[in-house]
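Quick heads-up: it's one chain on its own, the form predicted alone, in structure tokens.
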Amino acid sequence: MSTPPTSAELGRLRALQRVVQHAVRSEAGRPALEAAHAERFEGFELTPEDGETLASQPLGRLFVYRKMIRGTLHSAIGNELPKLRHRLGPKRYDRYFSAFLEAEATTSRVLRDVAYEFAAWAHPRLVDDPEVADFIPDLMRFELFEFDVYTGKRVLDPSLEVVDELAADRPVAFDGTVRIARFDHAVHRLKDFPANDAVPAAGPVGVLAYRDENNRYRQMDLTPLATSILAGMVLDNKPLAPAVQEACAAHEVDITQEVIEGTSQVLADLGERGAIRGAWATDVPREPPSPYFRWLFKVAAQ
């Protein structure tokens, strides 16, 4: 077995990482690197030897590394959010991207997570940006909502038992690709191509989506009450009866026969579509289907 690094060696490594992070994240670009290089990277807590060694290297090497990493992250976000990139335009999109890197950057080791981290950071800023249309934050979230459906695992936990019969006191076992969200604009009804400039209708909408047996994306519109009922079941694994009771209380409506029959019909429809696998026999999955499972639903919810 290799010898663990000493605290001094770890300190040197962290200092070098700070230099690389600065090279990649700084919005100032080459001027910032030139200034740090001229000062022999003072302020990064490098050892004198490491500072001298870095200062003796051509600055172009760090700049090439900066361009390579930033280009990879820029493409990763743009590939998952092509509609947002089109609506913002190249210059505004690049400004948001650069500001994100300098403010927070990414913490995940998984490249596809970068777009989610960017979106979570950008969402409140897009809402407050007077030059950005009010539906753009919803459109951005919907793009990731759709992406989450396409990348979701069908079986969340193979070790857990699922029974066929649904019951009022058991959590429903939804297919692992099922996602639910609430939007303030009908962004899910826009034609699906990045250069679409149509404006979606304003108004609260609920959407449940999943992949069918042929791995095609499917979605259905939900009433506000149905959205709340299914959100409790999908997001929190609430059994059917408590989900209906809590949703009706939140909407200040009675639990009528119409509500019960409507909920049963929606669940039966989802079962026929393959979006429901049955009911959890005892335990429910401990891990959410994706890290941003809740954020995709709740960020715009009131």
Partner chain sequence: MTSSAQTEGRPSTGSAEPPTGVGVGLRWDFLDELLKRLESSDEGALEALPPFWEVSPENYMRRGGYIPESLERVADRFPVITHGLQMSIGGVDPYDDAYMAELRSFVHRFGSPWHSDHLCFCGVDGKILHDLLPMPQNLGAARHAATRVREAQDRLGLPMAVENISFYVRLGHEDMPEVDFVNTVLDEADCKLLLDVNNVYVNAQNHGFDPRAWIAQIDMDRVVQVHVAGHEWRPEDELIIDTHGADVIDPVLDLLTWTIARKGPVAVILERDNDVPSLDTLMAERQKVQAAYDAGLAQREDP
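The structure presented is a predicted model; accordingly, all values stated were derived computationally and were not measured. Numbering follows the first chain given and starts at 1.
Beyond what is shown, the protein has a form predicted together with the partner chain; the following relates to that form.
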Contact assignment for the partner chain in the predicted complex, among Ala133, Ala201, Leu111, Ala167, heavy atom within 4.5 Å: Leu111
The partner chain in the predicted complex reached by all of Ile69, Lys153 and Arg211, non-hydrogen atom within 4.5 Å: yes
In the predicted complex, is there a heavy atom of the partner chain that lies within 4.5 Å of any heavy atom of Asp283, even though the partner is absent here? no
4.5 Å heavy atom contact, Asp192 to the partner chain in the predicted complex: no
Contact label in the predicted complex: Thr256 to the partner chain, heavy atom within 4.5 Å: no
Residue-level question: is Gln57 within 4.5 Å of the partner chain in the predicted complex, judged on heavy atoms? yes
Out of 49-57, 273-281, 233-241, 246-254, where are the residues with a heavy atom within 4.5 Å of the partner chain in the predicted complex? 49-57
Within 61-79, which residues come within 4.5 Å of the partner chain in the predicted complex, counting heavy atoms only? Arg61, Leu62, Val64, Tyr65, Lys67, Met68, Ile69, Thr72, Leu73
